[in-house]
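There is one chain below, alone, in structure tokens, taken in the form predicted alone.
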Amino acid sequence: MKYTKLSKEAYNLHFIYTNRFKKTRIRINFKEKLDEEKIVYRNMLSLVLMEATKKFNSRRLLEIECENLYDIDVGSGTNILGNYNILSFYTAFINEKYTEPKMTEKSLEFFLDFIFNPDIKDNKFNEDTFNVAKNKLHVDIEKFSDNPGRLADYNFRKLVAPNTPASIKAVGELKDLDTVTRSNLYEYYKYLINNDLIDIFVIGNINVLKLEKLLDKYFKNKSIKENSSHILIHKDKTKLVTKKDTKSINQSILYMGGKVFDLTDFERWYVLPIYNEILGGGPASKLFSEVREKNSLCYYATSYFMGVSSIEVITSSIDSKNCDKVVKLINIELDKMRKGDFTDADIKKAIISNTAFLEEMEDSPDSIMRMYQNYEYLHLDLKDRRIKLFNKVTKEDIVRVASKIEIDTIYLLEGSKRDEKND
């Protein structure tokens, strides 16, 4: 693979050349500093822009054109990454060496029409497509709390990192959705097109100069953009917070965790993944062995580190009556990690696991693209250097990081159905 970055006036082009895959994949990220009230606007654009274009203004016409372009895939989505909200549009189409000449250009033109040629009339989005998108988002927001795992995770993040991007609901709020109209959504669309930071990630077997010329021809945004600021989230230390909510589910969901301070980049991106692989990374981990296997107190127990938000997370599915016992056992395992009560073999297995994950990423073009996105946005090293640095992690590094982890938040989403059956 060969990576090339070109800084244009309106966007940055990140090109990953490889001949391993038959399809060319493109992801266009529109990145803006996070504004909670604008989340629904960005989610609405993610939906409404994919419903129709000026040229193909019905679902049937879009489907026919997709078939004409050898089943081109197009899609969109949003996500919150640190201090930024990213609206992404993506496509995958077969390399024209397997189809016919000009198919790359035709596919790119079709894809970019979703972004730059929406179905607009009288400075408003088409009423039918707008209503379809708004109804979809309304249902998504309403159903957010129906998913116990997602709800528990969100409630935990509100406690562990209040008033930070980590505590914001990515799907948005109904009160904000109610303010969205066809006309003000179009006004926001124009603002986004002209003001967001734009990155275009491409992976495939295509000449970068040819691609650059095609983008110059069809990419209609020409606004000059400034570089983005740092993406990591910072937050002051908090006192211990405990909270319990109740929901009509069979199993209770426990979350424990806290912010981790004063980390070096090496500790954040290399030591903590090894630490968490040993602590709660799978069937061979300390939490799985002690809490589930030896004491039969949970259905699963895992831990991970949210690198962008600097939050250590431990989560488990339990019977609510066992909550105090599970918390006690987890604290014992955390204390063991601080004391270095793990072996060199544990470290080696954790390094092998993380290395295998990185190796597997190169089998997926989407994973490769994410790796380069993280390289640009988070300054994460690329695969070979990451593997090299994982192998430099020592027991002393892990103990040092373990001493920085303090549990300041305990949250339980208590299941009521089991208790109702027992009454």
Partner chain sequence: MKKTIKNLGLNIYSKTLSNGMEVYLIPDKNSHNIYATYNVRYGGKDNDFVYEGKMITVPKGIAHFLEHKMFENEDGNEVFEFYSKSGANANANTSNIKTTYLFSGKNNFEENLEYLLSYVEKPYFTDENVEKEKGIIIEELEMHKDNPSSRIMEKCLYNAFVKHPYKYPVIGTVQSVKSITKEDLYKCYNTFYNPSNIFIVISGNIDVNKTFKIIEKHENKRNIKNKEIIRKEYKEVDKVAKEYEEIEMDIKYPRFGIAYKINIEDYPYDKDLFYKHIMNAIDLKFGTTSLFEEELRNKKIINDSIYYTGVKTDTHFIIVIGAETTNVKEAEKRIREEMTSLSINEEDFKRRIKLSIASTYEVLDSIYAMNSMVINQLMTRNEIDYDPIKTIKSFNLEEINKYLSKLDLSNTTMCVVRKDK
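For the two forms, the rigid core is made up of the largest set of C-alpha atoms that agree within 1.5 Å on superposition. Residue numbers count along the first chain shown, from 1. Only a predicted model underlies this, so the values are computations on that prediction, with no experimental measurement involved.
The form predicted in complex with the partner chain exists for this protein as well; it is not shown, and the discussion that follows is about that form.
Contact check for Ile318: a heavy atom falls within 4.5 Å of the partner chain in the predicted bound form. Although the partner is absent here, Lys136 lies within 4.5 Å of the partner chain in the predicted bound form, judged by heavy atoms. Although the partner is absent here, Arg292 lies within 4.5 Å of the partner chain in the predicted bound form, judged by heavy atoms.
Using a 4.5 angstroms threshold between heavy atoms, Asp397 stays clear of the partner chain in the predicted bound form. In plain terms, the part of the chain that comes close to the partner chain in the predicted bound form, with a heavy atom within 4.5 Å, is 62 to 70 out of 62 to 70, 388 to 396, 34 to 42, 367 to 375.
For the three residues Tyr300, Glu360 and Asp363, a heavy atom within 4.5 Å of the partner chain turns up in the predicted bound form in every case.
The listed set Lys121, Lys244, Lys210, Lys247 contains one residue whose heavy atoms approach the partner chain in the predicted bound form to within 4.5 Å, identified as Lys247. In summary, among the residues Pro148, Gly82, Gly307, Pro273, the only one with a non-hydrogen atom within 4.5 Å of the partner chain in the predicted bound form is Pro148. Residues Ile94, Tyr98, Glu100 of 93 to 112 are found to place at least one heavy atom within 4.5 Å of the partner chain in the predicted bound form. Once the rigid core is used as the reference frame, the Cα position of Ile80 differs between this form and the one not shown by less than 2 Å. Superposition of the core reveals a Cα shift of 2 Å or more for Asn95 between this form and the one not shown. In the core-superposed comparison between this form and the one not shown, Tyr299 has its Cα shifted by at least 2 Å.
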